[in-house]
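The chain that follows stands alone, in the form predicted alone, written as structure tokens.
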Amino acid sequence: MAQKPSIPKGTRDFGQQEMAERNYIFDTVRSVFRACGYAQIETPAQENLSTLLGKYGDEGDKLLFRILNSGDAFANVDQSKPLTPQVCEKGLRYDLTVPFARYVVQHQNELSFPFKRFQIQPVWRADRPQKGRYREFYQCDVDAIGSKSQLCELELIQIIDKVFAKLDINVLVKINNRKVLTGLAEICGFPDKVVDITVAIDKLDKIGLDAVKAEMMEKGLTEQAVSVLEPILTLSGNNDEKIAAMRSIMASSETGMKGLDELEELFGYIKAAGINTATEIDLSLARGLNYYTGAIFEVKALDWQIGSICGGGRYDNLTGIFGLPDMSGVGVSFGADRIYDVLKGLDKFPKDLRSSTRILFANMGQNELLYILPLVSSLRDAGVSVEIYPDSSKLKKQFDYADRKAIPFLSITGENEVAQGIVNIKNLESGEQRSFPKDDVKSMIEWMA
């Protein structure tokens, strides 16, 4: 008995309709990236584990897909040493930022700084599959590296604003600063617990305040320390009010005050630039990745329940790990798969994506085929997507094919049309039909526009 075909959990097939919709997202994002002066690069699906490990924190390291060495990977294993490093030297990339940092260091002599790049490629995480969370998914990353100016942060927010306006998704941009989070660790008396605190805080939306407090105490914070943090995590008011309130709370932390200065500067830029998308300071926003050092961003869809659909932040030390210090960068990543789910759920994909074919020529016989073949070539040369039905089947079958593929126009050109030197074209939605001289390609295109 043949085995039933399947795919791994956390992955998906994409048919022609899904690919048309996904390409709509990619093309929209790519057009905004390019309009802002970012150039495209690509990096390999697999990286050396030495490149990936230690960049995402302990939780991130656990989610790396490791690749077994080729050949007999277990042939020369030393039983006295850990097994995994001996049999796995490579892994699938977890995100696009760390490979980008590796790329910058490796190609630094070829680049002009600030270097502005974007990547649209898949990444892999050994996560538990659930709604909106996949093991294989695409990211659309855009980064600027080689400048510490927060004008780079502003430009990323402008990109977010333009992308989601084009996609017609109503979003909220949440912004925080990792220096503020470091300041929180300092004022509660546990500066060495900043990673534990930020990892716990990052789960606030998912597990709630009580569970976050419990996790922080499990990590060694005292009840008193947690009580210092609690009012900060529940702080309300507008952005100016939040910054003012935090200044009085964090006066003893130089790092925290610097983070508040940066937030105030960035929101000043946002106001001056006339950003249409709603933006707010969220002091509970932590972003779990350890390499962030400054501003951090997260974008939420307001009309559809799902996790963040875009996020990122400033990183000052990432290239230093690979031997290139003092190279600050900032970037955001658009989660194409979650954006797809939002557009699908809100029914906001353009209707004309249903078919890539504009017109189908019915197959009426050999002589008729020879008659229309030059016209088909002319239409394709003019940029019109054209199909010829390959078999001389009953017209009903050919009509059904056009209907299933949502092809808007159908040409039935038979013996009489050949004799008259014309071509018939029918609008399958309205039912309107027109005849054109065979050589009048311009009029045909204008009518089908």
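By rigid core we mean the largest C-alpha set that fits within 1.5 Å across both forms. Predicted model only: the values in this text are computed from it and were never measured. Numbers for residues come from their place in the sequence shown, where the first is 1.
Here the subject shifts to the form predicted in complex with another copy of the chain, a form of this protein not shown in this document.
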(request) Answer with yes or no whether Ser112 is in contact with another copy of the chain in the predicted bound form, where contact means some heavy atom within 4.5 Å. (result) yes
(message) If we define contact as a non-hydrogen atom of the residue within 4.5 angstroms of the partner, is Ser70 a contact of another copy of the chain in the predicted bound form?
(response) yes
(message) Can you tell me if Phe436 lies within 4.5 angstroms of another copy of the chain in the predicted bound form, counting non-hydrogen atoms only?
(response) no
(request) Although another copy of the chain is absent from this view, report whether Ser227 comes within 4.5 Å of it in the predicted bound form, heavy atoms only. (result) no
(message) Given a 4.5 Å cut-off on heavy atoms, tell me which of 195-203, 80-88, 301-309, 246-254 is the interface stretch with another copy of the chain in the predicted bound form.
(response) 80-88
(request) Scan Asn170, Thr222, Ser147, Asn239 and let me know which has any heavy atom within 4.5 Å of another copy of the chain in the predicted bound form. (result) Ser147
(request) Any residue of 97-111 with a heavy atom within 4.5 Å of another copy of the chain in the predicted bound form counts; write them all down in order. (result) Arg102, Tyr103, Val105, Gln106, His107, Asn109, Glu110, Leu111
(message) Is the shift of Ile41 between this form and the one not shown large enough to count as movement, that is, does its C-alpha move by 2 Å or more after the core is superposed?
(response) no
(message) Relative to the superposed rigid core, does Val87 relocate between this form and the one not shown - that is, does its Cα move 2 Å or more?
(response) yes
(message) For Gly54, does the CA position differ by 2 Å or more between this form and the one not shown when the superposition is done on the rigid core?
(response) yes
